[in-house]
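Take a look at this single chain in structure tokens; it is the form predicted on its own.
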């Protein structure tokens, strides 16, 4: 079967971390960007016709993906397309995913041979077998398949879409933008739909001034009895990076071997832009315990329970604990960092102290000296 993929870059703000980049281009896990997970999931399922919808701050994303070679999506006929506002029919503020799809109509029409569409977001990271999802969708015979994760709904987190299921896995209730109880499963913002049906539905929804995928098409259609919904229950690791706290905690969870093994499943690799660097240098007096460390680093201090991206320097006598340190950061001698997120090219002066908390990590924006 021929399948089209559409990735939404999710422009929701996450403070200093996303004021100049989309959620899709947010660095994660030492060497990746969040979009790498969506692209890799599609690539591993053999999806070669992919559109990336982004509204603004997408230059960093385009620089990272380039021609899509690392994911087997070279920019050629049937390959990868960036659906920026300049390539769409209009540039006004979007009110929802359905309107974004309507503005990307030429892309939808172009893939005449595509039978199915996989829509996937960049704020929720997973290593999901989309081939299995596609097969289960076809077997269900239903209009929409929603990929869900149990254990996310907890009576505290507000969810875009949550569903309650009976013992047979059939939907009995849906809520949107709601703090659902733990007996609901959370949508992972991955949807599979028949392309012809989706295009027809988009036109009908827009004509009725309806713009939201979750509220108007999925829940609204299900409530009216005109949309049938299949649920694919994912049992692997799903990281909802929808707040600074979640991003920080999910980053540090990669320290756990079982989490790394799941999210970087060897049967479905996570691809990223290749950057050849020298191996990390561990100085004679350095102490490193329980960390994820990329290549090209120079470590001469103490680093514990942290994630270090490429080419990070930790000076002698410096102490780094429970931190996420992005590319090319320099931490001076004798500095002390706990519960901090350092964006790219940050310099921490010798002897400086940055102490945050697990719920409120300190963020140092890109290029700053502190």
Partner chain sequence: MYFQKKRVIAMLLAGGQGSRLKVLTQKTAKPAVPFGGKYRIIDFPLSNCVNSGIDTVGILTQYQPLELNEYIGNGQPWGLNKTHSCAQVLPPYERNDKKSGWYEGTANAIYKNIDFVDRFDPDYVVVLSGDHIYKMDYNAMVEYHVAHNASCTIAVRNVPLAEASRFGILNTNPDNSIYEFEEKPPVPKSTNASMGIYCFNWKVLREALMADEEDPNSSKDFGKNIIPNLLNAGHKMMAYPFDGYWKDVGTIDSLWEANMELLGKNPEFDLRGGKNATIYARNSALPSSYIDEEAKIVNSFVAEGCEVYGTVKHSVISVGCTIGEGARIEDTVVMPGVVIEAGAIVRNAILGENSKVCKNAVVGGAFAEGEKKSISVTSKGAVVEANTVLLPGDML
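Numbering follows the first chain given and starts at 1. No experiment lies behind these values; they were computed from the predicted model shown.
This next part talks about the form predicted in complex with its partner chain, which is not shown.
S.K.: Between the options 169, 236, 283, 79, which residue brings a heavy atom to within 4.5 Å of its partner chain in the predicted bound form?
M.R.: Result of the distance check: 283.
S.K.: Exactly one of 175, 291, 152, 231 has a non-hydrogen atom within 4.5 Å of its partner chain in the predicted bound form; which residue is it?
M.R.: Exactly one residue meets the criterion: 291.
S.K.: Within 4.5 Å, heavy atoms only: does residue 160 come near its partner chain in the predicted bound form?
M.R.: Looking in the predicted bound form, residue contacts with its partner chain do not include residue 160, since no heavy atom lies within 4.5 Å.
S.K.: With a 4.5 Å heavy atom cut-off, would you call residue 200 a contact of its partner chain in the predicted bound form?
M.R.: Flag for residue 200 set to no.
S.K.: If you check in the predicted bound form, is residue 287 within 4.5 Å of its partner chain, heavy atoms only?
M.R.: Although its partner chain is absent here, residue 287 would touch it in the predicted bound form, with heavy atoms inside 4.5 Å.
S.K.: Taking heavy atoms only, is residue 261 within 4.5 angstroms of its partner chain in the predicted bound form?
M.R.: It does: once its partner chain is placed as it appears in the predicted bound form, residue 261 has a heavy atom within 4.5 Å of it.
S.K.: Which one, 221-229, 208-216, 115-123, 268-276, holds residues whose non-hydrogen atoms are within 4.5 Å of its partner chain in the predicted bound form?
M.R.: Looking at the other structure, the answer is 268-276.
S.K.: When its partner chain is placed as it is in the predicted bound form, are 31, 69 and 255 each within 4.5 Å of it, taking any non-hydrogen atom of the residue?
M.R.: The answer is yes; 31, 69 and 255 each reach its partner chain.
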